[in-house]
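Below sits a lone chain in structure tokens, taken as the form predicted alone.
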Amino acid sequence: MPAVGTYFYNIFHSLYTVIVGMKITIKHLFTHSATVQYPTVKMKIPERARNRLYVNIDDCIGCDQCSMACPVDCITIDTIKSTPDVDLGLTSKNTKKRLYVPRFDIDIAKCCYCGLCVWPCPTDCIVMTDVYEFSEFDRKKLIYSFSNMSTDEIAGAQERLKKYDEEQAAKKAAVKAAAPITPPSSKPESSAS
């Protein structure tokens, strides 16, 4: 008889465990879900979250401080000096722009999101945004170019700078040629008494 008692005990125990499991399942079936339906509903990001970088190129003065502060060298900046006859305007903080910025690239694939590039910027043109979805199939698409200069504008700026440098060199040479040549002065010998 003990085998029959064990048999019915096992049946009772299995039904009991199924009922306990179903009780937990049914209890959670009618409670409010804690899951966020991600693509359509997004959680609020903390205020100081570090995500994708954005550069307001109209405020950039080409100082290269963000690139120097970057520990992984993901920021590449090229500049062309402006000539005095060209006014590049002012930034939003009333800083006079003196350099063209034909290239301002950030390689997001290298970026470690440390935020060290944001703080040294004197014009606050580089900021961390709240965009965190930017996966790509091609790594080349992770290089973000923020410059708005066309190749014709770049060539024109380089040509103006080259012409200006040649004019300045010619002026210096003319001033040097026009200066009278003075022989080295001989100092009178002092007499010893």
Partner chain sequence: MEIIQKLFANELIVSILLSLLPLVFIIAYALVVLYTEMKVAAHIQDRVAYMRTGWHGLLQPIADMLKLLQKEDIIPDKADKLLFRLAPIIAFVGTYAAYAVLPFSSIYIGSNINLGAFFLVAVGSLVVVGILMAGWASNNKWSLFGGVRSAAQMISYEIPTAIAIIIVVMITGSLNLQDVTKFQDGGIGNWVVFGGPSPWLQKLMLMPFTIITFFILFVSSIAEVNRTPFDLPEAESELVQGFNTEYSGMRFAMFYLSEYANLFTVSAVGIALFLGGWSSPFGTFMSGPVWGIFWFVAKAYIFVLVQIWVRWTLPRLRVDQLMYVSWKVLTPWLFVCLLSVGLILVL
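Positions refer to the first chain, counted from 1. Keep in mind that this is a model prediction, so the values were computed, not measured. The term rigid core refers to the most C-alpha atoms you can superpose between the two forms while keeping them within 1.5 Å.
The protein also exists as the form predicted in complex with its partner chain; that form is not presented, and the subsequent description refers to it.
Segments offered: 60 to 68, 142 to 150, 34 to 42, 156 to 164. Contacting its partner chain in the predicted complex at heavy atom distances within 4.5 Å is 34 to 42. Although the partner is absent here, Leu15 sits close enough that one of its heavy atoms falls within 4.5 Å of its partner chain in the predicted complex. For the chain shown alone, Ala170 is not a contact residue for its partner chain in the predicted complex, no non-hydrogen atom being within 4.5 angstroms.
Of the heavy atoms in His28, some are within 4.5 Å of its partner chain in the predicted complex. The closest heavy atom approach of Ala174 to its partner chain in the predicted complex falls outside 4.5 Å. With the core held fixed, the Cα of His13 is displaced between the shown form and the other one by 2 Å or more.
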